[in-house]
Every structure is written in structure tokens, then in C-alpha cells.
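Only one chain is given next, in C-alpha cells, and it is the form predicted on its own.
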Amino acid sequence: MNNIKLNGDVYCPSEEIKKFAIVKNWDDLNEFVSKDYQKFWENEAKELHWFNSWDKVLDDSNKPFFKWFTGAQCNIAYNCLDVHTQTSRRNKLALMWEGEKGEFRSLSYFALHRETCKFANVLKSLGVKKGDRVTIYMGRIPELAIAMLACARIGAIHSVVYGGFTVEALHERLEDSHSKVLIVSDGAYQRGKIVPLKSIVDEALQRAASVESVLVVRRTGEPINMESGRDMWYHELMALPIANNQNSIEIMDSEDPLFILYTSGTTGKPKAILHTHGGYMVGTYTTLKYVFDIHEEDRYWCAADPGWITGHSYIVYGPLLNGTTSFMYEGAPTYPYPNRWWQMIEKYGINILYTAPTAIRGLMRFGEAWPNRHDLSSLRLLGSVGEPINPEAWKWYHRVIGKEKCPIMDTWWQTETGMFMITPMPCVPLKPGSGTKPFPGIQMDILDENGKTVKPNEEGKLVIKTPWPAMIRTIYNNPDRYVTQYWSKFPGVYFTGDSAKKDEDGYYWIIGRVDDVIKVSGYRLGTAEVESALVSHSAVAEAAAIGLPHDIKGNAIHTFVILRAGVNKNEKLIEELRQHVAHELGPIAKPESITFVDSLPKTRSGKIMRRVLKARALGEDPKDLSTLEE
């Protein structure tokens, strides 16, 4: 790839970047891995700590329920912390944090290990044991990472719920996971305002019977309700003598569950994606190391939220497995001014910035003067995640932020994949808007409706043809849905739900979702979830939601509503419905527009034809209407 002439707009890495990179030549690595991809993953696994080695690298005897490193024993939290405290890294910064109000905290590997062990003891004292589910609902604060690691340490399964979700979304996830303990912060700061997380929890718990204990982290200090016998302060529990007991690690089977994380699907019920200790550990460790070229002195910042898979894999687990210094910021990119990110990069000497196209497009609006007033020379690599980045935003990011010297690692992957799947490395020539090629050892293809490979530059369905270590193991408590959702459309291969095309150089270009899922600011929201939220309002009889292109968010939610008989249509009701959706699901789900209609296009079997609504909204031909009900 490095020595051939590529078509189109190509940005080649500098000799300095290639010289510094762990992987000097992508083709050589890919050729080596392609010969025996299991051997490659086994070699990577050997760089990590195992209490017992594996009998088999990949067990594919019960497809599609693949298993990795079977028979091995490990614990991902041990590899994230204990391993480093036994080396010179013990005093190295593991986590640097800045609050939206400007507060700063840092934790060395030794300190993060100590806090994690203390909280693991607290959870055990509350009766949490291996296999129990613990829901975590916080803003971006260090305690979120500590809670995740403490769960992993004792073998509990964590379920992190994004702090931007509200009552109904939280309640649904608590009910599905049957969580025993809920960890929440009293509130979170966002754009100078306080998000009242604890009051949202109180409302959700009126309908969630399984939660026995609520542990509250003090962040804002605002007055909150503390229910006697259920609610306890985190800082008070951490000060108890029991927290300082010696904490022994839970030795886990490689295939033991590590966490569940909910992602939107085509039905109203979010899917609980299950990941395990061993394979996920190897996948996130390896991909972060190679793609972001992690060196000992790096300061790495993934600007996502730990409530999404990006935060799990590349804020918490991946960086700590690699022994790197990770930065976390609590608040919004533009608060109080549009230079907040650039100010922190300069202040803390950040080398790697990994963020979403939505953030880049949002910051582009404010022009070049804001970033140009800061010294961004510490940056070596940039990254993009969550959705395809449009070439215009890519070029601005490269020129204005990267000063034309920082390659952009444009990564495609999913909650289900757990790790990068299509991604460049710093040594790879880049095309703005393309994720380049699959990570070495990952075989992907683009198929037509009949399962045949499409021609170059033709759009088709993106599939993965070989298993990978960090892959989803199942949908929690719903293995049949796992098979139906991912393995039934094209038997024997994993269907991603995305459409894509591949150019004549083999570079992949992601186009978007093919199912009823809308990507807003890189986050997946099911149309059914939004529609259910609307219908839960007393004025609404029926609703349909679609995604339409948006300059900043990538896509925005537009809805069509049939009102109940006797309800008057007016602007006040539109705003009331928008706020109702925000209350039920979170501000991210608030519709951009609500249009009152008398009917919705449906198939004869009663399914809403959202593609017809979308085509009409865009002024396009809706094409085949043979199934449309008269």
C-alpha cells in the first residue's frame, strides 16, 4: 500500500511519522497476519498477563457463538492496573481529569489501583459477587472509570448508561439487566448547567424493582433526595475501614462476561451487547497500540463519553492495558468559549486526540482563530469515530488542528465489534472520508442482496467474514435475537447493518445504516425508541421517525405525528412533544421537527414505510411502492 499509486485525493504520511511508528509498513504486517490470523492474535495475547494459558485460541465449534482463548484464566482489571504497579509505571500518570469548572485531578497507576481496590471492597461488602449486574450512571468523572474497573476486578458485570439518557432509557436498562446496585453522581456539569442525575434515578427507580443499593458520588454538592436504607454516599463508604482491606482479584475465565452495553436496534427494545474478559482485552489492547501508535511518553485523549463503547474500549480499558496516560474532560467542547479543547491540548501537552466528526463540524463553525491562538504542536496523531467524516471536515481537522503533519486515524467499528475494524495506521496513505482498509486479520466484504460481492465503487451491505477477539458474544439473555440480528441475513457472515462501498484501491467508504437506526452526533438511536416516546404522550395516537442530513449532527431526527381525536394542533404542543421525548430518552433524542399528519404510509401488513417519508422529505423518488397500502 505504501509503494503503489493510489487514485483520488491522497495524503501520505511524512518520513518522520513513518520512522516513529510501531508499524513501518502496513502491507508487511497484513501479509504476515493473513497467513495465520489466529497466530497473530495469540502473539498479542502473550504480551498480557494470564493466570492460566489457553487450550485453544479460537473455538468455532458452535458458530456463531465463537469463543476466544478457551480454558485461559485472566482478569482485565489486573492487566489494566496490577501489572503496571509492579513495574516502574506505578508512579506514572494513568488518568488526568479536568472538570468543566476548571478543577484538575490526576491519578497515578498506583493511586488508581488503590481507589479501585477500595471500591471493589465496598461493592463486595454490599453483597455484589461474580456475575451480578451493576449499573453505572454518571457524568465524565474519574469515579466512572474506578467503578468500571472495580466491577471487573470482582467479576461483576457492569452496565454503563450514558449520562445524557433520562428516565425511560435508564429504567428500561435497569429492568433488562436486573441490576443489584446502581452507582450515580448527584449531578453532572454540562455547558454551565447541572444535569440532575440523582433525581432522574429516583424517578426511574419508582419502576425498577431489582436495585437494592444506590451509591451516590458527590460532584455538584446540590441538595438531593437520599432515601434511607437504599442510598449511600460514595465518599462515606470509601472512608470505612472495610474499604482498606486487602482486595484479592477474582480470577475469571476468558469467556466470563465483563460488561453489557445497550445499543439501539430496529425494534423499540435496545440490545444488551455482551463482551467478555479475555478476547475483548486482547482486541482493545492490540488495536489501540497499533492504530494510535502508543509510546511510553504519550498523553492520549479520547474525547468520547465512557457511557458509549468508544469510552469503554478507548478511554478506560485500551489505554490502561497499554500503560499510557489518558486524559478525560467533563464538559462541552465550546464551554465557556470555543477554544476549550485547544486550551487543554496546549496546557497538558496532549499528543493524540480522538473525537467524533460531530465535534469537529461543530468547532469548524467558529473558524480558525480560536484554535490558532493556541500551541497545538504537541499533537502527533488525530482520530475520528462514530460516523463517516465528510471530506471537508477531515481537511479542516488535518490542516487547522493537525497543522498538516498529523495523520487522521478514521476508525469504523461498533458496540458489537468492541474494537477498531476498518482503520488506517500512521504509516498508511489516507483518503479524506475513508477508513482505509480492515485491520490486519479482519476479513470484510461488501455484498449485494443475493450475497455476492459488489463491484468497485458499488454500494452494498458491509459484512465481516472472520471472527475477531473482541467480538460480541451474544445479546444478554437473548441468544436467539443475536443469531437473527447479525447472522441470518447472510448465513455464515456477520452483517453490520451498514451500507458501504470499496474503491478500486480497496479503500472502504461507509455510507450509513440500512436499518431503522438513526445516527445523531455519532450515537445510535432506534426510530422505534423515539416513536414509542412520542406515543407515550396522551395527545399522540401514532408516530414515525426518520433521520435527515444535518450539517453538524450528521443526521437529525424528524417526526410525523397523528394526534388523538379532539386534540388541537399548535406550536405549543410541538414544543411540548419535543420536550417529552427529551424527558423520556434524553436531549440527544429530541426531534428536530414534528409534523402533524392525518395518515402515515404503511405496507399492507401495517408497517410504517419510513423510506417513503424520507424520500418525500428529501424531494426524491420513493421508488417501489408496490407494498404500499392504498
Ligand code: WTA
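Numbering starts at 1 and runs along the sequence shown. These numbers come from a predicted model, not from an experiment.
What comes next is about the form predicted together with the ligand, which does not appear here.
> With the partner left out of view, is residue 410 within 4.5 angstroms of the ligand in the model of the complex by any non-hydrogen atom?
Yes, residue 410 is a contact residue.
> Give a yes/no on whether residue 384 approaches the ligand to within 4.5 Å in the model of the complex, heavy atoms considered.
Flag for residue 384 set to yes.
> Can you tell me if residue 328 lies within 4.5 angstroms of the ligand in the model of the complex, counting non-hydrogen atoms only?
Flag for residue 328 set to no.
> Would residue 415 count as touching the ligand in the model of the complex under a 4.5 Å heavy atom rule?
Yes, residue 415 is a contact residue.
> Given a 4.5 Å cut-off on heavy atoms, tell me which of 143-151, 245-253, 513-521, 531-539 is the interface stretch with the ligand in the model of the complex.
Of the stretches listed, the one contacting the partner is 513-521.
> With the partner absent here, would 309, 388 and 498 each sit within 4.5 Å of the ligand in the model of the complex, counting heavy atoms only?
All of them do, each having a heavy atom within 4.5 Å of the partner.
> Taking only heavy atoms into account, state which residues of 84-107 are within 4.5 Å of the ligand in the model of the complex, ordered by sequence.
Counting only heavy atoms within 4.5 Å of the ligand in the model of the complex, no residue of 84-107 makes contact.
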